[in-house]
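The same protein chain appears twice below, in two forms, each given on its own as structure tokens and labelled structure 1 and structure 2.
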Structure 1
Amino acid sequence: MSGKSSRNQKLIRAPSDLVSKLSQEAACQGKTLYSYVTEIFEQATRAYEMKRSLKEILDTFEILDVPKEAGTIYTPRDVLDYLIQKTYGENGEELQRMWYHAGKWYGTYLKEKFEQPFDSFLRLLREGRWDLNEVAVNKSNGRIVLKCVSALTPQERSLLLQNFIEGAAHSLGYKTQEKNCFKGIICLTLFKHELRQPEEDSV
């Protein structure tokens, strides 16, 4: 690396192809390679101080960018719950279908974008703004038991979120074996079905 600095400097070995990529990116940003790499190191140190890794932060940012691609608009919790309660009595089944198909879109998008789409979906549930205090997964004998817990989610929104999760899971090649939903608690047992089987599109 080159460049003048009042700081003490040390030589750091790095793969030549990586240095070449960094040099190109630094040039695109109008920076010297030294200043660009220093900035990267500073941000890595910042992540460490947050007890996070850069990979973890970037993975989280990438998954949180999915709702933006989906055209999601965040709504205050109280407003959303009010609207759901106002319409659920007469249009509950239609709302469930809408959330189910929204989940299918998410699952399809994740399948195209990520190598491990189901794991990415779990990360979306954990890191997204779903008011979930806990997202627990137990994998055994080809089955996945998914449990979501929230102290702030009323019964109606819990049911809608269950349908959203099922839609995503079905588009990722899973079927529902068992499901239970209470106020703030969703428990789904899923299993991977054969590709030759037609995918059910019911809720």
Structure 2
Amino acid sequence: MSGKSSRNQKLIRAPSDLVSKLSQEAACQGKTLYSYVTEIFEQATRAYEMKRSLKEILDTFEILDVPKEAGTIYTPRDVLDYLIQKTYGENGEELQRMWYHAGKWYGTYLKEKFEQPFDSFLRLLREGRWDLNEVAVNKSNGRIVLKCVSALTPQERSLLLQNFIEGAAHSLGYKTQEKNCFKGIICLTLFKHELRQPEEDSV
């Protein structure tokens, strides 16, 4: 620790310019610097409990509203899996097409909203709401290998999610070179295709 103050306080060293900025902000908000710093440290420890740094959380903040604005909603996972299980047998291909087109719409939306839409899409996949435990991206020689892992996801939902991701990637100017999907593990190899040919963007 940097130093000791009264019984319930400690002194911590910080860059002078940051302390000045914080003092100004605290004054603007009608707070003391001490209470303002307390709030900031409370949030920093909260972020740590969420296994994230403040920087990571702020980096994803701009995408937090995307699911709401882009027409996606929450539903209980078990309900979704049941509905898919009961309809996939007879409507599997149609469902795949529907998810693909939903993905294309999603990608188009991201393209309108963000300067780096594909990166935003990856951040959205990573931030937790799509039930993915891991989203790994490997870029080399103009190719992107995207690996999404979600434990205990049934094959049907994995396939539908793969179609959704593919649809989004296609609308963002990528084409599929290779794809694999097995119970919660989705692997897509994509390459950038500057001039999109919509007729080739089929499932």
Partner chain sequence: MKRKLLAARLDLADKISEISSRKGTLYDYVNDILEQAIRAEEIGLSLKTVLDDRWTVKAMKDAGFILVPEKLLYDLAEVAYKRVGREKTTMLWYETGQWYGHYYGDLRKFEAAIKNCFWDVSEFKILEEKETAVLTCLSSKFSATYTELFSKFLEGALNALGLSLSQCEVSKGIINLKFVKPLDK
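Throughout, rigid core stands for the largest set of C-alpha atoms superposing within 1.5 Å between the two forms. Just so we're on the same page, residue numbers count up from 1 along structure 1's sequence. Keep in mind it's a predicted model, so treat the numbers as computed, not measured.
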item	value
Index of the chain form predicted in complex with its partner chain, chosen from the pair	2
Per-residue C-alpha change between structures 1 and 2, R46, threshold 2 Å, rigid core fit	yes
Post core alignment: V19 C-alpha displaced by 2 Å or more between structures 1 and 2	yes
Estimated from C-alpha overlays, the smaller rigid part's rotation between structures 1 and 2 in whole degrees	39
